[in-house]
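A lone chain, given as structure tokens: the form predicted on its own.
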């Protein structure tokens, strides 16, 4: 193969692949003329392989929709034992590299060169993965156009700053929703993405059921089961009333956030069944354990930083705070969204009371916390 760029050999999960040998830095990376490969996205592919290995039904046809080097599709085959794979990329340069990586890993699959949305207009799969460089929104309408009665979708969004509230105007243009910049911004962003998908599904006579939703590094990731049938999805608008407390409001309300998905972001039974594999990174196993602990707790989390600002004092250690909530009979766990965030079913007033009780002695300034 005559390659117009230098390459190097990397091992990721069970796959051994050739990737462009170009400088990489942490973060979302920068696009170039070569097939894109970002090693920091390995945690995405780790979790994805774990999820597909426990998918509710065998996957007999799947599309790696924006394949680049083919790393994810090859891991689908080797680790999740997905059959009937097809790879797609609009770059003939990428397609050539995918074919070579398929040969190296002894995976037999066709590679289609062309636009993803165009390809999806003429082909349907039991699972479609959309992991673009940038927003997934240009491809989502086509992804929900499947003629199958039931199928799955894996969707990655790397426009996290847009969905999480840093660029609200861009979020309104791409997802027709208003975000909110705050510690809970990534969760709100996931709910906006889920809500956007739910609205697209409804337009095509389908409904969605989230399997797993999470944020890591610089991306958001959702897995959906889609079924034909008309059912009103749990969509709405909220406003922030107090730290970690978001209440429903009408869409016309001032500062309304949304529309967004107000239902569960996971299928707790499936999430609890997930098991890290021998190929998973240690960071992936830690992320999975945190996701499992919070999977069936209520929407939205609160950070001890926010509560400390509310109480005008120093926060207790997160584990001490969690122990206090649990000793009162509430469920509580760390959230993967924030290093000092917790998710709990405790009402806000009890949450703040326990927090105040667990604050370090002498850390308060003597003033009354805001209500």
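In this text, all values refer to a predicted model and were calculated from it rather than measured experimentally. Residue numbers count along the first chain shown, from 1.
Heads up, the form predicted together with a small molecule isn't pictured, but that's what we're talking about next.
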Ok, 261, 246, 72, 180: which has a heavy atom sitting within 4.5 Å of the small molecule in the model of the complex? 72
Just one of 167, 139, 279, 300 has a heavy atom within 4.5 Å of the small molecule in the model of the complex. Which one? 139
Answer for residue 311 alone: is it within 4.5 Å of the small molecule in the model of the complex, judged on heavy atom distances? no
Using a 4.5 Å heavy atom cut-off, state whether residue 206 contacts the small molecule in the model of the complex. no
Going by a heavy atom distance of 4.5 Å, is residue 291 a contact of the small molecule in the model of the complex? no
Does at least one non-hydrogen atom of residue 89 fall within 4.5 angstroms of the small molecule in the model of the complex? yes
Pick from 282-290, 128-136, 237-245, 142-150: which stretch has non-hydrogen atoms within 4.5 Å of the small molecule in the model of the complex? 128-136
At 4.5 angstroms, heavy atoms only, are 191, 212 and 219 all close to the small molecule in the model of the complex? no
